[in-house]
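Presented below, as structure tokens, is a lone chain in the form predicted on its own.
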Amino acid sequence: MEEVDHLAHERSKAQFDGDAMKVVWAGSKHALDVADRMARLVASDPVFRKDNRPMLARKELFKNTLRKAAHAWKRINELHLTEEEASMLRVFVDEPSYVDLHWGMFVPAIKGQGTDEQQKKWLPLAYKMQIIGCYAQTELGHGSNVQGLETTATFDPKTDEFIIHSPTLTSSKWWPGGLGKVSTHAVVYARLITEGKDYGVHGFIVQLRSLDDHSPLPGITIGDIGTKFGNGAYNTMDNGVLQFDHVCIPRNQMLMRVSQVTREGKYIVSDVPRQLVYGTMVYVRQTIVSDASKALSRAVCIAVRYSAVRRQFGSQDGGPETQVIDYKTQQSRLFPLLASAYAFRFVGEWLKWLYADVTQRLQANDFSTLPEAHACTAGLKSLTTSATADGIEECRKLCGGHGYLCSSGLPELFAVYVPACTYEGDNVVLLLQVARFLMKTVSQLGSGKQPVGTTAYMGRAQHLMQYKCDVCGAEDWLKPSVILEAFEARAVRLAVNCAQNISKAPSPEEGFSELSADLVEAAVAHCQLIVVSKFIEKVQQDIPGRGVKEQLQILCNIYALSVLHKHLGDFLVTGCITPRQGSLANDQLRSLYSQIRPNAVALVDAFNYTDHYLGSVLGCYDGNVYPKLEEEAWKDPLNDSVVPDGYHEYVRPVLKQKFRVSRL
């Protein structure tokens, strides 16, 4: 194939130091180096080939995933990779598999909820992958409502064991990744019953399969729940169903860091505060936010590069047609997604800091920031995953008909990513949790207790309720203070309005239920304010590199003003801005699109993704789209033969009109 960089001219327009921007995106020079080495290690290894995934049957696809996971583990050990390097290698293998749940849920659950003794026993086995674990919480009948789980763990003091049981069909564990065919163990969540009393949901380490022949242990029914949405995609994962029929486990396999059951069957709450359990949840959700930026940036990279290569209409006198990326309709849909990818990256970085800070405080028995951390991670998980899922689909549309091909990489990326809107908390349910936190914060404003952290702006509620936006010209919308205060005023007014309306209801719960849709909007406004404020903070840091700070400032403004445009009704109805000021914001947004246009390709290059990781003929680095599209087309199994299977049985009789006449 001809090696021509069709995007070289686009890259020559860049007004910033591309290498410096790569460091900003990666977080540090060290992180960039690690990512670069691991990406190239995976891309150069034929075992990690993935272009044929959409064509494989489910069984073949799954077996191939097992092969890749085993090969990745072999390479991790052969090369003596660090934990950071191993984690990054798994990212670039880019295939959902049982190892995701083993490292992402099983291990953190034991670290967060196991005693020191339990950690010493189980973690070495897990770290060496001598056992493979999953996280069995969700049931057929209950997902978001964890307190409604039906699986029981009844303590029998005669045998010093818990009896794990699935009393109903709906108590079947349903959806845990890795459970269906691979996991040998699981952290199972069940209702703890001892001395005839139900103490609610607790975690238990349960062995599921024999370590000798992998067969299910007695009393355990286990399997895969079936094919899921999309070709390839999440079908590489063995999401499972699990039922227990009076399965006995030793008492010491209850995760006992927070509470425990004695040999006599007494339930005891330990000195370790129960809030520590939420640390694992905060960790998982902040990881999901970081993953959102990865997924959205991949889709945006494909769409930006393809939009620069693709030409349609506009030719005069036989000249070249117009690049699709130069159409304002394309820019208005694409550039806010580019800005969102950067915004989610930086808010993800901040969440990592928040998690580290909360963890340090928890270890010192300081739980003051935990409610805020829980609300932040819940809300930002919801906001970023919803926006990313929608954004990937929008990028597919931005690539026209070719975006619908599996070889574009976008259909599979969407199918792999969209479950994030549901797992680890349904997005609407999470926003309602954020809303409860906001309502509690508003209720305390008159008590003299000052809000802190991401709700500190509510301490100025009286001022923000009277706030009038000071925008006279479009350029005023470039001022960070103006943007920030407009977003703060909107968030406060939506929250206060909800609180006032709830107070008029017969009861707080009835009011909350009746106003749930409004409360979701208030929670979204609060979360968008967090993203905007963290992007502004990032831009205000000392950022090295020619033109990098300027480009980040433009992206920050595009993100903020595109959100304002999308939610203009909120800003107008709450009186934060006038219709005239909203119009000026749109004028400025159009101007920002023109400013970012020359740098668009270079800005997605800064993600530093290999062609292997992108997995897209439309988003390849050299922009040599059309030859690659044709090459991929001829690889399809349907093209293995010129005359298709079935022609003689079904097509030829139609063409020749030779049918047997049946007699009734």
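A residue's number is simply how far along the shown sequence it sits, counting from 1. Please read these numbers as outputs of a predicted model, since none were measured by experiment.
The form predicted in complex with another copy of the chain is left out here; the points below concern that form.
Of the candidates Gln540, Thr422, Gln323, Gln207, Thr422 is the one whose heavy atoms come within 4.5 Å of another copy of the chain in the predicted bound form; the others do not. Proximity to another copy of the chain in the predicted bound form, defined as a heavy atom within 4.5 Å, holds among Leu568, Val91, Leu478, Val452 only for Leu568. Using a 4.5 Å heavy atom cutoff, Val182, Glu630 and Asp640 all lie near another copy of the chain in the predicted bound form.
Considering another copy of the chain in the predicted bound form, the lone stretch of 334 to 342, 552 to 560, 165 to 173, 368 to 376 in range is 165 to 173 [heavy atom distance within 4.5 Å].
The closest heavy atom approach of Trp73 to another copy of the chain in the predicted bound form falls within 4.5 Å.
Although the partner is absent here, Val269 lies well away from another copy of the chain in the predicted bound form, with no heavy atom inside 4.5 Å. In the predicted bound form, none of the heavy atoms of Lys13 sits within 4.5 Å of a heavy atom of another copy of the chain. Within 4.5 Å of some heavy atom of another copy of the chain in the predicted bound form lies at least one heavy atom of Leu211. Contact annotation for 551 to 585: residues with any non-hydrogen atom within 4.5 angstroms of another copy of the chain in the predicted bound form are His565, Leu568, Gly569, Leu572, Val573, Pro579, Ser583, listed in sequence order.
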